[in-house]
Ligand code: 9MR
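Before any questions on how it binds or moves, here is one chain, the form predicted on its own, in structure tokens.
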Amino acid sequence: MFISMKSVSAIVAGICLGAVAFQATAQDDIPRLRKAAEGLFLIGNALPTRAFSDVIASDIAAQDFNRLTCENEMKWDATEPQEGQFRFEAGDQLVEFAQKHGMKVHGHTFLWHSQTPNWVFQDPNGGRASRELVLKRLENHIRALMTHWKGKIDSWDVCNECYEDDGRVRAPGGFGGNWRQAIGDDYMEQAFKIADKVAKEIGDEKVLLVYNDFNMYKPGKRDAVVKMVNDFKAKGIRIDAIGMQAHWQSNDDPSIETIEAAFKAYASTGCKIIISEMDINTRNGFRNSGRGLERDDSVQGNADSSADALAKRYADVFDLFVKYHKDIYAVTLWGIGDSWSWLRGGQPLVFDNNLDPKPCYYSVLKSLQKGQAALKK
């Protein structure tokens, strides 16, 4: 059985909470996602550092997952809030936890239009920084992070959320176009060149370099990313994996057929596929405001919030993941439990507010176990 937060709070004072959690979850006969995914793909989770002081959350993370992503602790504003002043302590906590439990770490992210301090784009007088200065700062930043976590990071999001849904690159001067305005139309190309250059110079060439985005199933964005990857490879620019965020709906949106079409397109590039940010929205709808993907309670979607509907949706998508396991490198759930999710008030994840497993946990487990069984035939 699993022990929930509610159950733990009822245990009398004086009992060792850590020992109780371990005894409740470390039994060999308890099926766990991490074990069930062996031979298929890595199964990951995105955690804030507060999870490591939560006995139940950290225990679930260690036993159910073998790949971790920092939600915010490796982004630019967290790691270099002032030029040349680096802060690695929060990211170090996640890396140390991962190493202790035999887990891989995904770095998130070098270049993103959000959570990048204003100074990156300003000259010393407060004016607009030159292309050369911004490129220098980008290289310094990438070099510092890759050097600090050399050999400890399995993959990095080099560029994050650079395309509109219709396939256009975010416009310079508009929201999300700060990097393009500062560097030029080749800013993504420059970022991947820098990451590859640094990886070679520090002797960390095994690290995977990733492009990551949301709504990657939409034909316009899908085709643009495929073209970008193929163009990079034709120029000899290394890109190893495509991160496909999976903030999807419980009402078959996107459809399995649409997701599968995206898998086929991305696999055709020779890149690995990473399901990078997975949750299933059970409330209303999303909107793309130009500021990225956001939940909007005023948008009345057709999401079915029932436990059965959520379990079926998770089963359907994980059955598809298993089908394409040779192309998929990792699947990462975006949060440890419902109360930890950015989708406040919904039930998007496989553990509930008390960190008890939901029916969808067992549907995922069943999909993985069927996949494992098929591998053994």
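Just count from 1 along the sequence shown to find any residue number. Predicted, not measured: the structure shown is a model, and the values here were computed from it.
Missing here is the form predicted in complex with this ligand; even so, the following discussion is about that form.
Stretch 160-168 is the contacting one of 236-244, 187-195, 96-104, 160-168, since its residues have non-hydrogen atoms within 4.5 Å of this ligand in the predicted bound form.
For the options 115, 258, 306, 251, the residue carrying a heavy atom within 4.5 angstroms of this ligand in the predicted bound form is 115. Listed residues 204, 71, 154, 80 were compared with this ligand in the predicted bound form; 71 is the one with a heavy atom within 4.5 Å. Contact here is defined as any heavy atom lying within 4.5 Å of this ligand in the predicted bound form, and by that definition each of 75, 334 and 342 is a contact residue. Though the partner is left out of this view, residue 108 does reach within 4.5 Å of this ligand in the predicted bound form, counting heavy atoms only.
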